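Shown below, as structure tokens, is a lone chain in the form predicted on its own; questions about how it binds or moves come after it.
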Amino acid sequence: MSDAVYDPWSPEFVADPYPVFERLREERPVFFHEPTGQWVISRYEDVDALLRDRRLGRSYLHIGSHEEFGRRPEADFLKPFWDLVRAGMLDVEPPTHTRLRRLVSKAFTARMVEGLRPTIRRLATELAGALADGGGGDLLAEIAEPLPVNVIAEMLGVPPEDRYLLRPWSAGICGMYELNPPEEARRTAVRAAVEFSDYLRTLARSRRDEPRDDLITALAQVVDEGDRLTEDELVGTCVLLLNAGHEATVNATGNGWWSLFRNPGELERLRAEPELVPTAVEELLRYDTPAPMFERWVLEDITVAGVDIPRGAEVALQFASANRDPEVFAEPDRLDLSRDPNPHITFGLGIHYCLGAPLARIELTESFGALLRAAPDLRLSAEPQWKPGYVLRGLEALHVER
């Protein structure tokens, strides 16, 4: 088959990549895609194995320079962005990753996350009620976007009057994660990184002087065997929590409701059996994942499905394809809200498994539940359009009415 069939910049592919992935899994489960310079991996078995394989990493800078890995040095103007990102745990490898995750996990605990549930339920109920009382609107703008940003702001301790700043900063920074972003997007990401870093440094310093019951205070105070986060690491961690927790949750909400509207039988089933919401959330995350692809660098030569991939290469692990692999999921193209078991890999696997997965599950469960209660007759009022990005895949808007 032609490599051109896989085109992550094509609106048609972004709107429905699944027929392409079906052919790739059968005919070319591992192939080199010249336009992106990546090896595309589409089968569940291979994606699963590579996510756990320590011969791959989110970064290679712990073992070699850009030049040693055959890459161009990063442009000087990008330094503030990369300094911020690499101060968090997402784009670093052990032993730095191990240390950061250990320290952050002492503050970002399961008990703390579960303690947010009443706040999340209250916010979701208020937002769903407002949408229902208004007879409908843009579900993304009125529920999917404000809920996670307010939850994260509440968790971090960002004052209510400053919360409007977070969404633009998050969107600006995340623009860098698309494939080959244009210079304008990269400069926007740098500006957002500088502004957000400066804001968080000021907030963190104020918490050291006046501690409060919030995550920034907890991160500033956490100590493990005499070790603590530096200010750079604290700021990088907060930015990661916002970006990873916000962008993906917004898209998961929109993609999930769009999946339900396209499968009216399952939507009616969910309305009749609201106790299905937790398993429905897992199935919606599998069926149309908001993060369809994750990249890894090859740190040592590897062989995948009989194909040799050299050190220094970049692989594109296709989560969306793996989540529809018939070797793992019966009738993978069918939405089944009671699917069990459901070993989807939307939150990743291995040491980089999403730290915020429990929070995302609570937000989605409470959000879907609140809207089902407030507007059981909700229906689509306009066909949605997909945003152009593929790495963070979501809708421009989702207009609904009752």
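Keep in mind that this is a model prediction, so the values were computed, not measured. All residue numbers are counted from 1 along the displayed sequence.
The next section is about a form of this same protein that is not shown, the form predicted together with protoporphyrin IX containing FE.
Ok, 127, 84, 241, 304: which has a heavy atom sitting within 4.5 Å of protoporphyrin IX containing FE in the model of the complex?
Contact residue from the list: 241.
Proximity to protoporphyrin IX containing FE in the model of the complex, single hit among 309, 216, 174, 89 (heavy atom within 4.5 Å):
Of the listed residues, the single hit is 89.
Each of 351, 356 and 360 having a non-hydrogen atom within 4.5 Å of protoporphyrin IX containing FE in the model of the complex: is that the case here?
All three within 4.5 Å in the model of the complex.
Residue 249 versus protoporphyrin IX containing FE, in the model of the complex: is there a non-hydrogen atom within 4.5 Å?
Residue 249: contacts protoporphyrin IX containing FE in the model of the complex.
Residue contact check: residue 364 to protoporphyrin IX containing FE in the model of the complex, 4.5 Å heavy atom:
Although protoporphyrin IX containing FE is absent here, residue 364 would touch it in the model of the complex, with heavy atoms inside 4.5 Å.
Please check if residue 38 has a heavy atom lying within 4.5 Å of any heavy atom of protoporphyrin IX containing FE in the model of the complex.
No, residue 38 stays farther than 4.5 Å from protoporphyrin IX containing FE in the model of the complex.
Wondering, does residue 347 line up within 4.5 Å of protoporphyrin IX containing FE in the model of the complex on heavy atoms?
Within the cut-off, so yes.
Any idea which of 187-195, 165-173, 322-330, 292-300 reaches within 4.5 Å of protoporphyrin IX containing FE in the model of the complex, heavy atoms considered?
Contact criterion met by 292-300 only.
Where, within 134-161, is there a heavy atom within 4.5 Å of protoporphyrin IX containing FE in the model of the complex? Residue list please.
Read in sequence order, the lone residue that approaches protoporphyrin IX containing FE (within 4.5 Å, in the model of the complex) is 152.
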